[in-house]
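First comes one chain, alone, set out as structure tokens in the form predicted on its own.
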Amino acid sequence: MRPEDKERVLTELHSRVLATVSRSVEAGKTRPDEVLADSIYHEMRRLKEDRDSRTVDADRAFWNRARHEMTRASDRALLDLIGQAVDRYGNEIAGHFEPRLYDLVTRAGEPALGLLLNAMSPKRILADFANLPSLEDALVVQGELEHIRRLHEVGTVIVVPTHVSNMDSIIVGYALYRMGLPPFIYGAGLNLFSNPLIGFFMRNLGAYTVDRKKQDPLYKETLKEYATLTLEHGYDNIFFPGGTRCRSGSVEKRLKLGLLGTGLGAFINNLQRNKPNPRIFIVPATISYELVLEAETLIDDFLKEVGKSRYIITDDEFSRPKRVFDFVRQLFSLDSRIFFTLGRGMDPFGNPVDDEGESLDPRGRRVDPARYVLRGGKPEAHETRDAEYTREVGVRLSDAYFKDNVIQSTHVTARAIFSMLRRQNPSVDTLRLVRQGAERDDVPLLDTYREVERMLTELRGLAARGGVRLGPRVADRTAEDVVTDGLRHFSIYHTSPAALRRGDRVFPTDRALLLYYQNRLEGYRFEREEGLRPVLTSDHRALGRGGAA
């Protein structure tokens, strides 16, 4: 956010959040002491566990003071304490955009972007500067590019990508830069700012902080209102509606709708203020990697029983600079591709929009989106109604993610091997197969080729119908080529390859990684031809029953 807007936004943020609290108090839904006590409870609980936070001492001092003062405070004094908490949260969240730094990074080109991508110590950067990988050839930006450029001219755009890796923020930002769009602002997990180098770049290139460890409802309301205000001030945004990175490796199906709903809130506020170009556009984006930097940690966390896994991972591969450097260098050495695919835009109600930003009904006729929020002839927010509209947007986004998912050789190879293992061991459930293996724990190479050939036929048919996208090695290569490329990729980076070939057989050497990469093909209903049940539950949040159909 530009410095000239930051103070104004934070001032309005304070007013809006306090107004929300006051309305709730006046309606008898809560009391000021209850709001403050709830914040104190959640924050003190967080501070017991979050001892590494650089602000832990200052935070603890503030909340101890608030707890002491609230015992004898009037309602007005309580609201003042709540306002102080909002200001603390707002100043923590607020991003800072430095145009000169942005110009410097973009003009410097690939070396600076490689530096940012690797987030290393200065000593290592200088030592390996000549070997820093280039994103120019490795990143493929495709899809509705001109459509998005047109939408940017007539309204404010929210790009909502899938979330696979901590590299995503950099990939998305660079892709939008390559398209000639101005910098977008985005919320990034507070843990990503712990590295001084990458934190410096992210803070000055438009990122604002999202601390997912904070469960205080007041913090969540402050964060949501901040995002709404940035949209109202015309800042294009990037939201990751999956929340955190997808642990299973699958395409996200059940999205978090909190920040996503800010698009509708900003649209209503724009209408109420008679703002020129009030429209907000939501644009799905799908990121597809052949290998994922943090795959080992993510799938291990997924398998530790969803619901008991860590919500925030701070010690994965992304936190180890050497792993990042080695991953990127080896991946790019194989002429691999990262695909960033933009879908068609929609309005905050889930209606598709044309190139002029006009909303379309199911028959392709233009409709006025303002009429969806009118009450008594005036635009007005309505919690239940607006939540339903946002749920519809979530469904449309999930559909778009599946259609624009780019299937690559690692996904097909892993799916073939894992499906064959499941058929060979029909009485072994998925978790046991992954964790302990089974009696028949390898597959014939020729059978792997046949399984991949069958899958390629299905995938190419689905791609022809617009149901998925295929990477170049999957779109027109032979089954043998796909398997060879998939196994080659598995061998270059991970601590233990997902699978490797020995003679005329293929041996799964890391079945958890096989599960992770094969999950990218979950949700396309290929199980009928495979004679198996889905690996994941319908929402992709847990393992399914597994076994034969």
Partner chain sequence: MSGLHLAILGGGRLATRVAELMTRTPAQVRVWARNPRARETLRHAHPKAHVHDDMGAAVADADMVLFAVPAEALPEVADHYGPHARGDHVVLHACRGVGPGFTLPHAAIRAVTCVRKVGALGGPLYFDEASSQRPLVAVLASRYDEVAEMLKTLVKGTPIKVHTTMDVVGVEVAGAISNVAALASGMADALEMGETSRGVLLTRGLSEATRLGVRLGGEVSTFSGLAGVGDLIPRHVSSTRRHRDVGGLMAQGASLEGALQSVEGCVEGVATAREAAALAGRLKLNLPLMRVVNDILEGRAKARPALEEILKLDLELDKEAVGSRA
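All values reported here derive from a predicted model rather than from experimental measurement. Positions refer to the first chain, counted from 1.
Below: the form predicted together with its partner chain, not depicted.
Visitor: Does Leu374 reach its partner chain in the model of the complex if we count a contact as any heavy atom within 4.5 Å?
Guide: Judged by the heavy-atom cut-off of 4.5 Å, Leu374 is in contact with its partner chain in the model of the complex.
Visitor: Though only this chain appears here, would Asn166 touch its partner chain in the model of the complex if you measure heavy atom gaps against 4.5 Å?
Guide: Flag for Asn166 set to no.
Visitor: Are any of the heavy atoms in Glu392 no more than 4.5 Å from a heavy atom of its partner chain in the model of the complex?
Guide: Answer yes; at least one heavy atom of Glu392 falls within 4.5 Å of its partner chain in the model of the complex.
Visitor: With a cut-off of 4.5 Å between heavy atoms, is Arg72 one of the residues that contacts its partner chain in the model of the complex?
Guide: Judged by the heavy-atom cut-off of 4.5 Å, Arg72 is well away from its partner chain in the model of the complex.
Visitor: Tell me whether Phe349, Arg396 and Arg533, taken together, all sit within 4.5 Å of its partner chain in the model of the complex, counting heavy atoms only.
Guide: Answer is yes for this spot.
Visitor: So which of Arg273, His382, Arg432, Lys220 gets a non-hydrogen atom within 4.5 Å of its partner chain in the model of the complex?
Guide: It is His382 that has a heavy atom within 4.5 Å of the partner.
Visitor: So which of Glu146, Asp361, Glu439, Glu356 reaches within 4.5 angstroms of its partner chain in the model of the complex, heavy atom to heavy atom?
Guide: By the 4.5 Å heavy-atom cutoff, the listed residue in contact is Asp361.
Visitor: Residues in which of 233-241, 363-371, 421-429, 158-166 have heavy atoms within 4.5 Å of its partner chain in the model of the complex?
Guide: Result of the contact check: 363-371.
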